[in-house]
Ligand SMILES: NC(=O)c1ccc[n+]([C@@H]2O[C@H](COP(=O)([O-])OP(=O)(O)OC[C@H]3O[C@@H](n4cnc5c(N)ncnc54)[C@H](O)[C@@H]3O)[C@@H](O)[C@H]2O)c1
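As structure tokens, one chain now follows by itself in the form predicted alone.
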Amino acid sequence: MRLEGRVAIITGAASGIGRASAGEFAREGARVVVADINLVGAQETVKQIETAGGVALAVETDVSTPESVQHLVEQTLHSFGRINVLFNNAAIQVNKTVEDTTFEEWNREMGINLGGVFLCSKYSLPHLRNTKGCVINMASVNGFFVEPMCAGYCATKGAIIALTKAMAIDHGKDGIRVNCICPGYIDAGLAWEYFEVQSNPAEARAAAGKLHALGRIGRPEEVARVAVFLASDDASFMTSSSVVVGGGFGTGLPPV
């Protein structure tokens, strides 16, 4: 098992890619802290992990609030004694142009998507320094290729790619690796919510699939396995990397 004996915090792990990642991390031997503002969902993730024989802890967390993130770190240390991996996965998406986005929506999106990476990293880094651990940030192909009606989301994901590189440079001397994952359309979480509100979800998924060279959208476990790799010693010489798990997003056909 590639993560045996390690402790991993995964934010936004009550559903979607976060839940899939928590399961994969646990299967690889990690003790997983499932952090999410949705405590019921986080507890369900923990239940799934424990049923499969793994070890996990649910902690209700608002990643945009310093006190909540400090509590997350304290609970992790109290329960497991250390932090080896921080996976900053929590995010929201406001499907609007800049003009139509309210001030409150903009601040909330920035506070969760980008501020969450900042706060969770800030309070975890002293402990990651002790374990020579690693940080994985969830970016997106939208950090490279923007799409209509998600200006704020694209802005946060582009910023996360840059922040990942800055953190890698600043903390490489401490033996801390920092990488980010840039998924394409994944049938989970934010994308799933988008598809399900369309008049024909199946057609919407098929249209999105045509944006990818592989002709389909991805599955959450396909991203989760890359996160496991980045957290493991198999990626011991990787830092500052933006790993695209996008099925060739941007090289497929335009939707019809």
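Under this definition, the rigid core comprises the largest set of C-alpha atoms superposing within 1.5 Å between the forms. The first residue of the sequence shown is number 1, and the count goes up from there. Predicted model only: the values in this text are computed from it and were never measured.
FYI, the form predicted together with this ligand isn't displayed, but the following is about it.
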query	finding
Among the candidates A188, L57, V226, A208, the residue which, in the model of the complex, approaches this ligand to within 4.5 Å (heavy atoms)	A188
Heavy atom within 4.5 Å of this ligand in the model of the complex - the one residue of A159, A168, I92, L125 that qualifies	I92
Heavy atom contact within 4.5 Å of this ligand in the model of the complex, the stretch among 135 to 143, 170 to 178, 99 to 107, 74 to 82	135 to 143
In the model of the complex, I37 touching this ligand (heavy atom, 4.5 Å)	yes
4.5 Å heavy atom contact, V244 and this ligand in the model of the complex	no
4.5 Å heavy atom contact, V63 to this ligand in the model of the complex	yes
Residue contact check: T239 to this ligand in the model of the complex, 4.5 Å heavy atom	no
Stretch 106 to 134 - residues with a heavy atom within 4.5 Å of this ligand in the model of the complex	I112
Yes/no, E50 Cα shift of 2 Å or more between the shown form and the other one with rigid core fixed	no
Y194 C-alpha shift between the shown form and the other one of 2 Å or more, rigid core reference	yes
